[in-house]
Structures are given as C-alpha cells and as structure tokens.
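Take a look at this one chain, the form predicted on its own, written out in structure tokens.
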C-alpha cells in the first residue's frame, strides 16, 4: 500500500491540499499536530502532518463527484486536538486497553464533583501505575496544600472570616478549645455586634470552657480590647457574616481589621463543603479586596455529599487547608487537616482505606 505524507500550516490546509492532489482515491491514515522553529528571534509555527494512502487506482485527473467528496471528508474528519476536552484527549492518547480505566477515572471525578482547573490538573499526564485508585486519590489530594505551619505555630491573632451560616462561630469555639487543651493561654474577641445573639453565643462557649471573651462594638473598642488580651498566646477573633451587597457593613469590618498588627495576624476563610466552588470563589474574591487570606477551614462535611467542590476551590485559590469540621459538637467534631482526613471524604475510594484512616486520626 502506498502511503503519502502531506504537511501544511493547519489541518484545514492539509486537507484541502490532499483533496486537490488526490481526490476521492485518498484515505487518511493518521494525523499529527506539532510546532517548528522557535528561538531567540523566531516564533514557533504550528504544523499539521497527514499520513494518507490510496484506496484505488483513481488518479487526481479523474472527475471527483460530490458523493466522493462527502465520503472523503467523513473519513478525514479526525478531531482537532486544540478543540478536545480533557476526557477526549485522554481517550485519543491512550491505547484501547486503557480506555476502561480512563472511564473509571472520569466516573470518580464526576462522583466527587471535581471540576475546572483541578480536574484538568488531575488528568494531565496521569499514569495510574500498578494501583489506579491509590494514584488517583493521591494526585487529587496532593493538589491541595495543608497548612501545617499554622496548625503548629498559629499567629497571635486568628481572624475568622466567612458568610452568615458558614459555621464560623462554632468552628472558632472548637479551635479555641483545641489550643487551650494543648496548653495555650487563649481568649476570644468578637467583632460581631450586628447579628442578634452573636456575642451571647460565643460567650456561652467561652464560659463553658473558662476562656475569657470580649465584644468590640466599634473601632474605638479595638485597641483597649487588644490591650486586655496582650498577655494571651492566641486571640481568636470572630467576625460578622457579610453580604456582598452590604457596603456599610463591609466598610465597618475593613476598618476594624485594619487596626490589628498584620505581622502577628492570620486570617482564615470558612468554607462550607456543601457550597459550590464558584460561590466559594466569589466570597474569596470579595474578602481579599481588604484582607489577606492565609488559609482555609472546610466546614459542614457531615452535610455534604462530596468534598470535591471545596477541593476544586482550594486548588484554584492556591490556599492551604488548616482544619476540617464534621458536626456541631464542641470541641469534638474538629480535625486538623491532613492528606488522610481529606481523603476520607472522597467517594469511591473505600477499598479498605476508611478503616485505616479511622485508626490514624
């Protein structure tokens, strides 16, 4: 069989040249996209190579009918790599024997609602090796950072940020108790004088665990409150939940936070696991307009079908995870974030993994 190679600047141009020279006798065998050139003074140029063969004795001089052209175009219509989805790229690059594994990978990613850039990152150059599921889980989880530094050496002022209903106040109480039990001298400072019962709630937690607390109503109260707790190891700062449209309240919180010593202050964004990644990103972009976020805390793991939305957001924001909560119990339903803890909440990875995690955490 005679093979013919046609090289042009694009797939369309190569196809046009092939049709003009060989007509309906030509069949496309394979296609390759690549670049040439490049250097200090030259730009890279895209090229397309079609490898074809002649299926009959017809020559380019014969009349080509509309039906011949339709048949030729149907056979030559291989997908342009630039337009392929991550899934299509995976399927076309791998031999047929691996397609079953690739479909399994897609099912797991769908099951865990892993989307966007995180999904693309997981699929890129993925090689399952001897243990497909272990490799897949490892690549997903290793894509998200763990804030071990903040866990071990928290800054003196820990500001908790997040929308109303995110579990911010309860999570703060859990973490304050955790560090108190570990031997730190802690206090709680509330900046939320707007929500009815907000300070009463945090004070009830504080009193139950013998932790001193105070309420800041306006900017004039900040410095005296910081002086009150100047000898404490860690001061946990609760804030009001913000609506993106409440400009006055946003300005109020911005003014209060600006009075803290940034060098000794860490800010954590509370992220409910049952909220979509794009909504978490919207909140994040709002807060970083006036405060630098250092790490994330994922809450409500017990109320979510999947942790994938949070992981997708964490990857796209580039922020590490400090803590995870999975219930209302104070201080019981709290875990320091780790690879194993996050892996526990991915679906489709049981295979004896959960019992191991339960023994280690």
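Positions refer to the first chain, counted from 1. From a predicted model like this one, the values you see are computed outputs, not experimental measurements.
Just so you know, the form predicted together with a small molecule exists too; it's not on screen, but the next bit is about it.
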### Task
State the residue from 190, 112, 169, 158 whose non-hydrogen atoms include one within 4.5 Å of the small molecule in the predicted complex.
169
### Query
Among 27, 31, 335, 300, which has any heavy atom within 4.5 Å of the small molecule in the predicted complex?
300
### Message
Although the partner isn't part of this model, could you tell me whether residue 154 comes within 4.5 Å of the small molecule in the predicted complex, counting any heavy atom of the residue?
### Response
no
### Query
Taking heavy atoms and a 4.5 Å cut-off, does residue 325 contact the small molecule in the predicted complex?
yes
#### Entry: Partner proximity in the predicted complex: residue 212 to the small molecule, non-hydrogen atom cutoff 4.5 Å
no
#### Entry: Partner contact for residue 241 in the predicted complex: the small molecule, 4.5 angstroms, heavy atom
yes
### Interface segment, criterion being heavy atoms within 4.5 Å of the small molecule in the predicted complex, picked from 135-143, 214-222, 100-108, 195-203
195-203
